[in-house]
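In the form predicted alone, a lone chain appears below as structure tokens.
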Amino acid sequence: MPYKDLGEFITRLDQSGALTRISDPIRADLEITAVSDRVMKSPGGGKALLFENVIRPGETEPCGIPVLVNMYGSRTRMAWALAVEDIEEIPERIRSFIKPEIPSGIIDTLKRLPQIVELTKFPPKIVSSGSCQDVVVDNPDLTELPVCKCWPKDGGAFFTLPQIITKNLNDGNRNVGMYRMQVYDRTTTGMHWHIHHGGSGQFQDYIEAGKRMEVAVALGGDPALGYSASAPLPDGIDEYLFAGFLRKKPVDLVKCKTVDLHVPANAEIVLEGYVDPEERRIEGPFGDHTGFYSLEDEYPVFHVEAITHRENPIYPHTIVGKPPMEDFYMGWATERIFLPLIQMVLPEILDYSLPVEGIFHNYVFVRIKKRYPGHAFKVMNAIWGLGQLMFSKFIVIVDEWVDVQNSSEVMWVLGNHCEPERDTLMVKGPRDALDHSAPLAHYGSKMGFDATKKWPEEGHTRPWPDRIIMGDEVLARVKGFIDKMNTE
């Protein structure tokens, strides 16, 4: 079942033994990160952490607003956050919609009706009131929130789990993105819009029109909302519609108090304001998911004109840094959920993996059913044309017997199967904004590796060796020895 709000999810974590409550006073400045980083890097991602007594910068006593960290930080909690027990339930639902079987009769047709009707239930629902507006603050002060400074050289404290809500100037379509926001003072933050993302694209229209862009920032709510804000959805797909699909229930939205935007009715905290088309300010550095500090640069400035929040709000926060961190599990969920959509375009792809060391864009391992010479190169080029997979810096294509979820096996096959001159492809194109190795911002080279078995038609005339595999008959004969050894 979906969660009404963040509190319901915390209750589930608590009752399942997946949450650690920390009552000792702790500082938002660096100390929360120092604790959380060690927990996130423990086997399986560690537990979610609820810091109940957080001290804001410049103060000596706790502020009264708890901070939740690492709620998405395991495969199990990531599934729970999306209201399922196993994340594979979601791609299976997607497959049932995009590849429906043709009903063979009236009975089969009736069986499919619940799926067809389900698709109509997901659009967000406008409601008249919400707990996110229990308290309205007309004289906002961001320093009253426990916004954390994560790493020593960070430019300041950053919001790291915001749902940033904007509206297309021309057609009014909503975009919800997740971009970090550096707190400058009581009423302003940076707006770290990457050039390739939806919020930045909408902002360009406001710049050309010379108009302020209204912005709302929601913190918390059903955890499916935060995940949906981070998901690489195609342009024109409403993130809250997607969240409704995930949770099998529409998202309740309420109109903001000071801007013409709608926000999740059960969010914990909402910031309302605008971004000026002309104003820029230095943002950063920021200890990023690359494991390095992203560089300072000029970004738009968000002006906060009102804050609303529920009674006794909880502040959701995440920390990024050298992997593995909490965001790895969010990326893993995206990998699994979007596989059926990738297979619509490239049905030869059997599976793919975004290994933790690749921080989502450096490495992509792809398992295919090879059918013709050069097939691997065709797949590489297609991947570079698929949404945010365009940022993939190194793509490795392997045969169907290779387990791409096992990075060690992929590297073993790559080293054995790849002839550098023949089996690599170098291209140029867009690169992730956080990739500091690119010679130019947002642009550079990318490389693909064909690690499949080579065919004579691909210029390999030498015999290709067989893998070393023990026969099933022998394994069956020695099973007793192996079982005995495993019990000793």
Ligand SMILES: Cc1cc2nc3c(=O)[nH]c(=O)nc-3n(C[C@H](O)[C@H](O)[C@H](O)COP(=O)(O)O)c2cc1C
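Treat the numbers as computed from the prediction; the structure is a model and nothing was measured. One rule holds for the numbers: they count along the sequence shown, beginning at 1.
Although not depicted, the form predicted together with the named molecule is the subject of the following passage.
Colleague: What stretch, of 226 to 234, 80 to 88, 146 to 154, 394 to 402, brings heavy atoms to within 4.5 Å of the named molecule in the model of the complex?
Modeller: Stretch with heavy atoms near the partner: 226 to 234.
Colleague: Just to be sure I understand the contacts: of Gly287, Gly199, Pro140, Gly244, which is the one whose heavy atoms reach within 4.5 angstroms of the named molecule in the model of the complex?
Modeller: Result of the distance check: Gly199.
Colleague: Which one of Tyr206, Phe122, Tyr352, Trp193 is close to the named molecule in the model of the complex, taking close to mean a heavy atom within 4.5 Å?
Modeller: Comparing distances to the named molecule in the model of the complex, the residue within 4.5 Å is Trp193.
Colleague: Does any heavy atom of Gly177 come within 4.5 Å of a heavy atom of the named molecule in the model of the complex?
Modeller: Yes, Gly177 is a contact residue.
Colleague: With a 4.5 Å heavy atom cut-off, would you call Glu268 a contact of the named molecule in the model of the complex?
Modeller: So Glu268 does not count as contacting the named molecule.
Colleague: Does any heavy atom of Ser74 come within 4.5 Å of a heavy atom of the named molecule in the model of the complex?
Modeller: Answer no; every heavy atom of Ser74 is more than 4.5 Å from the named molecule in the model of the complex.
Colleague: Would Glu335 show up as a contact with the named molecule in the model of the complex if we use heavy atoms at 4.5 Å?
Modeller: Glu335: no, not in contact with the named molecule in the model of the complex.
Colleague: Between the named molecule and Thr318, Met330 and Gln388, in the model of the complex, does every residue show a non-hydrogen atom at 4.5 Å or closer?
Modeller: Looking in the model of the complex, the three residues Thr318, Met330 and Gln388 all sit within 4.5 Å of the named molecule (heavy atoms).
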